[in-house]
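Take a look at this one chain, the form predicted alone, written out in structure tokens.
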């Protein structure tokens, strides 16, 4: 009971923080150059990790499906099956896990250090709003860059899948991509993009919240970093379930239509 109450209390705090950030965005938006600076910083910092994760996720899915389709003589559909599963379900979640440890932990540590060294309090004493000047640029920058990093990682997963298809299953690239449009329909593609946006919002909200409310000096910064990674991964799994359920409803609607 106590752990459940603590979870609900923390969930309420995160939602209140998110509403405050969105209210600030609506009434007092931050400077565009600050957002672009964060987008550039996050993208440059995380692109190699995202590219590697996307490439190998696509390759792993191809290897797993190759063993299955070869038993039924359906190797021609390997590219479509592996790409559909990667983009619709596995790819966004695994790449988001990588970003939570890379971008989320870094942002939480950065903001937490600013909080325990009283830099945020100094900004408030100067008459500025810390959410507008510090949180909002990072919040928007992480959402924008994470969405495009996740999307780019999914595109690289196709390259990784086709590469492993050549090496592991002996399928040429043309044969691999030929049935991708057949199996990967618009609802599946839309579902993958919705997952990417959802995970980017989750990552930006949790890491900025944990960093902004850090207490306890250097130990508190360490606790915030660990809590950011764990809470982000758990929330992404929950969002994955919700978006998968909505995706099935969407695919059913398109099938009926």
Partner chain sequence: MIQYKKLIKSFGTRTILKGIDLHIKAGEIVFILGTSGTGKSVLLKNTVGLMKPDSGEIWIDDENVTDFTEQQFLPVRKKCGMVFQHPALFDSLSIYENIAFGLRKHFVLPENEIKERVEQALSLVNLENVLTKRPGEISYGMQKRVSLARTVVLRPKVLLFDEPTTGLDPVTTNSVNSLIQNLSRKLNTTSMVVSHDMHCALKIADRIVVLDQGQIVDQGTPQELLQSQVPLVRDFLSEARDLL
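Residue numbers count along the first chain shown, from 1. Note that the coordinates shown come from a computational prediction; the quantities given were computed from them, not determined experimentally.
Keep in mind the form predicted together with the partner chain is missing from the figure; the text below concerns it.
- None of 180, 98, 90, 116 but one reaches within 4.5 angstroms of the partner chain in the predicted bound form through a heavy atom, and that residue is 116.
- Among the residues 123, 109, 159, 74, the one placing a heavy atom within 4.5 Å of the partner chain in the predicted bound form is 123.
- A residue is said to contact a partner when one of its heavy atoms sits within 4.5 Å of a partner heavy atom; residue 133 meets this definition for the partner chain in the predicted bound form.
- When the partner chain is considered in the predicted bound form, residue 155 lies well away from it, no heavy atom lying within 4.5 Å.
- When the partner chain is considered in the predicted bound form, residue 128 lines it closely, a heavy atom lying within 4.5 Å.
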